[in-house]
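Listed next as structure tokens is one chain, alone, in the form predicted on its own.
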Amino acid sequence: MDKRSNTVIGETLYTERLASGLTICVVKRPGMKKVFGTFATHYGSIDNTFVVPGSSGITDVPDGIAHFLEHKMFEKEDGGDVFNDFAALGASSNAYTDYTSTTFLFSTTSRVQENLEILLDFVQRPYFTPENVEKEKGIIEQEIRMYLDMPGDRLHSNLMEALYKNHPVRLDIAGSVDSIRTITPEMLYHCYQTFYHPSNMVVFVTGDVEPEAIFTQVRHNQASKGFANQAEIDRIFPEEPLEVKKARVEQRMPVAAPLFMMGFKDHAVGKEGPALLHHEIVMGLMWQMLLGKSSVTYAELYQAGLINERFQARYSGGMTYGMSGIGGETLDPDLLEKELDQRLPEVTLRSEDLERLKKKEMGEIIGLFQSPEDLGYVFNSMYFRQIDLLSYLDVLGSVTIKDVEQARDTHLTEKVRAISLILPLEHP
């Protein structure tokens, strides 16, 4: 068992890695009533082209298969539903798939050992048949069509398709109606056996628990399953040009006011670990200084009626992609675009503002440990990008005003910028 602490925030992360490659991590929170547990795999919607460990051939699978697989994991061979198993123990459960990972989770205030056992077992007990796969296609097709009718979702999806020409991050996580119709049980088993191997996964538990008790339980659970360690999966991504695919994309939908999003494709990709964390912190601080709710630019755009309180500016990314998205509702998208183009390069970036925002960020990280769910989500996101959660404050402290200035100069350029608009049906 590895024990690492951050004395500044007074938190400790306990870690153990089993012979199968499975990593177990525990953050003990004495006195906290809720326990939150996750079982996550480094497998997301962008992992559609890969080489299975031990082979040389390239595998291509349909878009949306990672999300489809997540849905199917909850169905039991006897026809039962895993959600009911958790509910019978007084726990809530869920799962989600993003671009780079799939996470199964539970939250409970009692019977932690029993709930953890259910989590470990159902994620490692797939059951796919032609009949239940066909049934799921109808369910996910309805989900996809629902997303197609959601203006906010279309705003973001259209922007990603405009920014990216080849990278699969441009595609909806759930795939398309056509792509999911081609999924078979054989494909699901193939992806499961490749990406749901323990060496590609992590168990995370936080709450008032004893780390050694969690480790002992997981060791015992895994011992009878006979997993051997597996080599790293070779994930293949197409070459992505620096320039955007389209500079502008518009769609008309039944909305009361236009929805606007300006995006910038990041070309500083390929980072992981501390370098990636530093880059993401810099980008986040840059947007807070440029367009955060305490910024002058935000106040002036708000007073002019061009934005409202739901306007946001944020950066998101992984090891193979990254982008910034800024926007929300606006009554005049053309004027807002013009104002942003003019103002963003001219904002004065001051060291005193950066230090104030760094202190605010420090407080948010400390507060993260007060929410088991938020801590679990952030931990898994960081873990699969080789980022150490406990190093966050050290990396944050190293950020300088020159880092932020350089980020703005290199990121906010015309050739990596695209605009996505959702306009009312009767908008002139």
Partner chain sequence: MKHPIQTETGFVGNFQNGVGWYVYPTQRFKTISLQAFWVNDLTSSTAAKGALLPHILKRGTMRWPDSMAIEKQLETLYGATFRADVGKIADKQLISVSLDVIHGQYLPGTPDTLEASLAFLEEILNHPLTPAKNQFDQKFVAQEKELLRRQIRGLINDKNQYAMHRLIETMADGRAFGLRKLGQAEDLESIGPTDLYQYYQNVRDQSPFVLLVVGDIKPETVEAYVTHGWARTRHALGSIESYTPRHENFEVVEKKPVRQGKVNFGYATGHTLVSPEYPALMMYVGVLGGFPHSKLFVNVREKASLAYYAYARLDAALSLMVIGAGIEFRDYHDTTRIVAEQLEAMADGEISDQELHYTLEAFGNDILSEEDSPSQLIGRQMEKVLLGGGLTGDQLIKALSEVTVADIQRMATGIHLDTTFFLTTDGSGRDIDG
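Numbering follows the first chain given and starts at 1. The structure displayed is predicted, hence computed values, not measured ones.
The form predicted in complex with its partner chain exists for this protein as well; it is not shown, and the discussion that follows is about that form.
For the chain shown alone, residue 236 is not a contact residue for its partner chain in the model of the complex, no non-hydrogen atom being within 4.5 angstroms.
For the chain shown alone, residue 286 is not a contact residue for its partner chain in the model of the complex, no non-hydrogen atom being within 4.5 angstroms. For the chain shown alone, residue 109 is a contact residue for its partner chain in the model of the complex, at least one non-hydrogen atom being within 4.5 angstroms. Under a 4.5 angstroms non-hydrogen atom cutoff, its partner chain in the model of the complex has residue 363 among its neighbouring residues.
Note on contacts: among 305, 130, 226, 270, the single residue with a heavy atom within 4.5 Å of its partner chain in the model of the complex is 305. Checking 275, 247, 335, 148 for any heavy atom within 4.5 Å of its partner chain in the model of the complex turns up a single hit: 148. The chain is drawn here without its partner chain; in the model of the complex, the stretch among 260-268, 292-300, 119-127, 237-245 whose residues come within 4.5 Å of it by any heavy atom is 292-300. Looking at its partner chain in the model of the complex, residues 185, 190 and 394 place no heavy atom within 4.5 Å of it.
Along 238-257, these residues reach a heavy atom to within 4.5 Å of its partner chain in the model of the complex: 250, 251, 252, 254, 255, 256.
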